[in-house]
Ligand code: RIB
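In C-alpha cells, the next block holds one chain alone, the form predicted on its own.
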C-alpha cells in the first residue's frame, strides 16, 4: 500500500442545488441546501484514502463548530489527522457552492484558517508521495516541494502565481483547461509530467510537450462535478506511485473523476477503488 501526504485546504462546503446557475446580478430560488466536508486538500486526502493509500493530512482549521463537520469524513475514513492544527480566533474555511441540476457549479471560497498554514510553521512528513494545491499560501507549497524527497504532485488550482521552483520540482502537475490557459507558457518550466483535464472530454498526460497518453472518461449522468478534479488528481498520483504506466494511470484517474460526479457533495461523492474499477 502506498503512502501519501496531502498538504492543503480543509473547508466546510455550503451547497445550494438549483435548476440552473444564476448569471451576474440574478437570483435563482427554490434551491436545496446541504453542508458537506470539502476543501481541495481534504478532498484529495480522502480520495487517495478511499482509493487504497495510507494518507496523512496536513492543514489548519478554526477553533469553531465548523471544524468538526469539516473533519468528520476524513476521521471516519481513516485519514491521519495528527498534523492538522487548530487555530484560535480564526474561522474554519468555508466554500459557498451553487450547483445546477446538470452538475455544473460555481464556487466562492473564504479561506479562513487555511491561510494559517504558513511556510514557517510547516513540517512535511515523509511518504511515497506528496500532493499540494493552491488553496493555502503558495510559499508553503514551495517549501513543501523543497523539503520532500518522494513523488511530488502539484495541482495548480486555483490558478495563482507560484514560484518556478515548484514547476521544476514537480514530478506531476495537474491543471484543468482553464488553468492551463491561465498559466500559458510558464508551464514549459515543468520538467515532469503534465496532466491537463477537459471535463467530459477527458485528459491528456504529457512530458515537455510530448503526449504520453490521451483518455476519455466513461460516460456517466453527472449529479455534482465539485470534487471530480480533486479525485482525478488523487487517483493519478496513487496510480503512478503504484507503478502503473501513463495510459493505465490516466484511464484510472479519468474513471475516478467520473465516478465522483455521481453523488451530491464533495466528499460524500468520492469513490472507492472498487467503484472505480467497476466503471472501467
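Numbering follows the first chain given and starts at 1. All figures in this text were calculated on a predicted structure; none of them were measured in a lab.
The discussion below concerns the form predicted in complex with the named molecule, not included here.
Asker: At 4.5 angstroms, heavy atoms only, are 237, 248 and 251 all close to the named molecule in the model of the complex?
Answerer: Not one of the three qualifies.
Asker: Taking 4.5 angstroms as the heavy atom distance cut-off, pick the stretch from 37-45, 62-70, 240-248, 215-223 that is near the named molecule in the model of the complex.
Answerer: Comparing against the named molecule in the model of the complex, the contact stretch is 37-45.
Asker: Test of understanding: in the model of the complex, would residue 58 fall inside 4.5 Å of the named molecule by heavy atoms?
Answerer: No, no contact at 4.5 Å.
Asker: Does the 4.5 Å heavy atom contact test between residue 227 and the named molecule in the model of the complex come out positive?
Answerer: Yes, residue 227 lies within 4.5 Å of the named molecule in the model of the complex.
Asker: Using heavy atoms and a 4.5 Å limit, would one call residue 194 a contact residue for the named molecule in the model of the complex?
Answerer: Looking in the model of the complex, residue contacts with the named molecule do not include residue 194, since no heavy atom lies within 4.5 Å.
Asker: Is residue 270 near the named molecule? Define near as a heavy atom within 4.5 Å, in the model of the complex.
Answerer: No - in the model of the complex, heavy atoms of residue 270 and the named molecule never come within 4.5 Å of each other.
Asker: Which residue among 134, 95, 74, 175 has a heavy atom within 4.5 angstroms of the named molecule in the model of the complex?
Answerer: It is 95.
Asker: Heavy atom within 4.5 Å of the named molecule in the model of the complex: which of 187, 109, 81, 159?
Answerer: Looking at the other structure, the residue within range turns out to be 109.
Asker: At a 4.5 angstroms cut-off on non-hydrogen atoms, which residues of 5-24 are near the named molecule in the model of the complex? List them in order.
Answerer: Counting only heavy atoms within 4.5 Å of the named molecule in the model of the complex, the contacting residues of 5-24 are 11, 13.
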